[in-house]
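The chain that follows stands alone, in the form predicted alone, written as structure tokens.
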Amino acid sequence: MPNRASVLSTDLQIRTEERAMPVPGPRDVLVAIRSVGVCGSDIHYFQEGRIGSFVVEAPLVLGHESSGVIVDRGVDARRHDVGTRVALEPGVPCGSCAECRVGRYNLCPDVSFFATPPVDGTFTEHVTIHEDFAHPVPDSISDDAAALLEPLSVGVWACAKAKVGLGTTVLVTGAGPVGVMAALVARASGASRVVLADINPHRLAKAGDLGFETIDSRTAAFDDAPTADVLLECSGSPAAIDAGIRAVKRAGTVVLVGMAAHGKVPLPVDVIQGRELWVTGTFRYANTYPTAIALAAGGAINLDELVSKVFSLDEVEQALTHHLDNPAAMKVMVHVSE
């Protein structure tokens, strides 16, 4: 039985191909993919052929925000029954290195992450994954929402690193999908005030529709007096990083989530030192899916309202370019199967 896949060639063209059906290893499950979200990293690989040191040197299947249903399992896989709907956590670590042994598996140097060269992703009809990283989801979570648990996990991890809780005031710079996810988690965590700042008026309008305060960074500055307990920096913009840090109160926390286009970004060290700010980065997430599932299943966060457009597996190129003519788009989905 062939396995259809949308493949990015080394000349950065998207073609639909028939590949061999993957065979699950002893503790793997075979998942029929239903829904996949388009991530900025997918678009970057399509446009540039690389992200940092990760280069498309062979045909690559993109896509890592995904959900599906288990249709087969390896001989030693016992955690989930065939027919179980699952959200796929796209990074499978080695499980034995020092980072994995202390629970920081997101920092595993040997992690195998979907759609990161040379590992194929999920714009395909079937994939295999270790059973521990296929998370069952209840019927109250749609296929699209199950796929979007992946970017929601980025927000969960960022808020956990910042210790966002009851009464926290939060500034989020960057109102794209990750920034909005982080803001949604912050609000669900009990933050008393969440403000989103961006230069894209369409995204700010969407953030406003979701009930958030917004700042258009093109025309307005942050408050003269620092007002935020926490900065969740989700844009990677040097200007946003600088202005955001200056908006954080004494002994506040800065979490750098967005990745800058270039590796080096100047920081206002005088502000960091003078206010004794805690500054940290994030890299993906670890042990966040149970929380993300609970937030979506319990109704604290409605992921379906973030879906802007849906395409089929044969329309992946259109999905990857949809944002060019639709700046208001938040999350674009690919429905591989129903």
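Counting begins at 1, following the sequence as shown. Here the structure is a predicted model, which is why all the values come from computation and not from measurement.
Here the subject shifts to the form predicted in complex with another copy of the chain, a form of this protein not shown in this document.
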>> Taking any heavy atom pair closer than or equal to 4.5 Å as contact, tell me whether A175 reaches another copy of the chain in the predicted bound form.
In response: no
>> I'd like to know if L196 sits close to another copy of the chain in the predicted bound form, meaning any non-hydrogen atom pair within 4.5 angstroms.
In response: no
>> Does any part of F54 reach within 4.5 Å of another copy of the chain in the predicted bound form? Heavy atoms only, please.
In response: no
>> Against another copy of the chain in the predicted bound form, would Y105 count as a contact residue? Criterion: heavy atoms within 4.5 Å.
In response: yes
> Here the chain is shown alone; which of L295, L30, L303, C39 has a heavy atom within 4.5 Å of another copy of the chain in the predicted bound form?
Replying inline: L295
> Since the chain is shown here on its own, which stretch among 115 to 123, 203 to 211, 143 to 151, 90 to 98 would lie within 4.5 Å of another copy of the chain in the predicted bound form, judged by heavy atoms?
Replying inline: 90 to 98
>> Pick out the residues of 183 to 202 whose heavy atoms come within 4.5 Å of another copy of the chain in the predicted bound form.
In response: V185, A188, S189, G190, S192
